[in-house]
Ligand SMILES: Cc1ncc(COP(=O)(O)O)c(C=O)c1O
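Okay, so here's just one chain, in structure tokens, the form predicted alone.
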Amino acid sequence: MKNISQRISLVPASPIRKLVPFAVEAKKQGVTVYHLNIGDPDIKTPDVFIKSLQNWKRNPISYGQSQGDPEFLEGLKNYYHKLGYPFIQIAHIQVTSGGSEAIGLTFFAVCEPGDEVLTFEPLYTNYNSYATIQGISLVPVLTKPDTGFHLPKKIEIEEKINKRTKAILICNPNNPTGTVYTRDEIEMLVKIAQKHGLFLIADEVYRDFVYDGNKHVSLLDYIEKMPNQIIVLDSMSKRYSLCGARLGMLISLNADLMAGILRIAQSRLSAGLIDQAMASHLMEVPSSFFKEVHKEYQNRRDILFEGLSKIPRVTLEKPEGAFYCIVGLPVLNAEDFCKWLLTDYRLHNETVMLAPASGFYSSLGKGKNEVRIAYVLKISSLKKAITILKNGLIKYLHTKNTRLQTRK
């Protein structure tokens, strides 16, 4: 009898989903669970995509092409041209099964087992998973709440670079902190990558969600200057509320890298044909959709920040973009608190699900008293969730204090 591999035991459970069984059990009991644990927007998907599904007539449903279906690739090319990047051609785009596959493909393409990728924590938890799967090491550079989780000084970043470092990875706007990096910060990273000959990878899934009149600075602004080093990861999921249509994109001007990634894509055959046929209508989505969505998320951000700021001993920085924030709680173990909310606490037969933030760090011991919150619920639900969290904290702290006194 052969044992399973040791390496599979090293892949971390997702902090976003690991408590799902407790939420499922609560729902079986008739409890309403407000999901702030996962970035699964409740904004309606644009009608043009739904109509495309309703009008589907192709039978049988065949494989798509490995790089991506021609109509979808054409739509993506036009999308990037509209953003102001007319040099992006179809040859520079690889369609992936969600943005997550784009992460895995990129790690495989730029690293050998044992190589290192420098990134900034708190970080998107799936970076940890894919690094482990690919046999590479994430080297975290800590960012801090008191700077709004903005990048540290150049010297602090460069001291983490060694001969095994192959790339720098950023998420901008950032999941999980909501930070939007300035042009000065992006240009600092560009100079570091140039100096050390590193790949520079940007996860730009949330580029449309930037608040307070600020602007997103894309690595596509610099890709012509560093055509062989810059890789941009993107996704349809958040921008169009299409999380269930697993469609991501990888953009690079490096011909050798793109050829290699296509060979991997050929081995997994294709992304979903129906998904791509639907999403090929992306240029038909009216601009009013994005304006309304942007306004809604900024309002949600403001409601969440105001509500949480009023809870004693809860700390957070105002998110500048995306739809996430890292929140410090007055607890010793945030995961225990998140689980308790699902198993033990009810307010009018309702509770809330949060994501423990320790899984959004690579450094052991970080984030134990923090949670990540995704403000993807309508404002009325968000207000209820804040009230539940406030009252739940009071109850939890009282319960824990009572238990401590009993033990003594």
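Counting begins at 1, following the sequence as shown. Bear in mind that the values here come from a model prediction, so they are computed numbers and not experimental data.
Not on display, but discussed next: the form predicted in complex with the ligand.
No member of the trio Tyr80, His92 and His281 reaches the ligand in the predicted bound form with any non-hydrogen atom inside 4.5 Å. A heavy atom within 4.5 Å of the ligand in the predicted bound form is found for exactly one of Thr132, Ser218, Ser100, Asn228: Ser100. Asn175 is the sole member of Thr119, Asn175, Ser241, Asn128 with a non-hydrogen atom lying within 4.5 angstroms of the ligand in the predicted bound form. Proximity to the ligand in the predicted bound form, taken as heavy atoms within 4.5 Å, picks out 197-205 from the listed stretches 256-264, 197-205, 288-296, 148-156. Cys325 falls outside the set of residues with a heavy atom inside 4.5 Å of the ligand in the predicted bound form.
Of the heavy atoms in Tyr124, some are within 4.5 Å of the ligand in the predicted bound form.
Although the partner is absent from this view, Ser237 contacts the ligand in the predicted bound form, with a non-hydrogen atom inside 4.5 angstroms. Proximity of Cys171 to the ligand in the predicted bound form falls within the 4.5 Å heavy atom cutoff.
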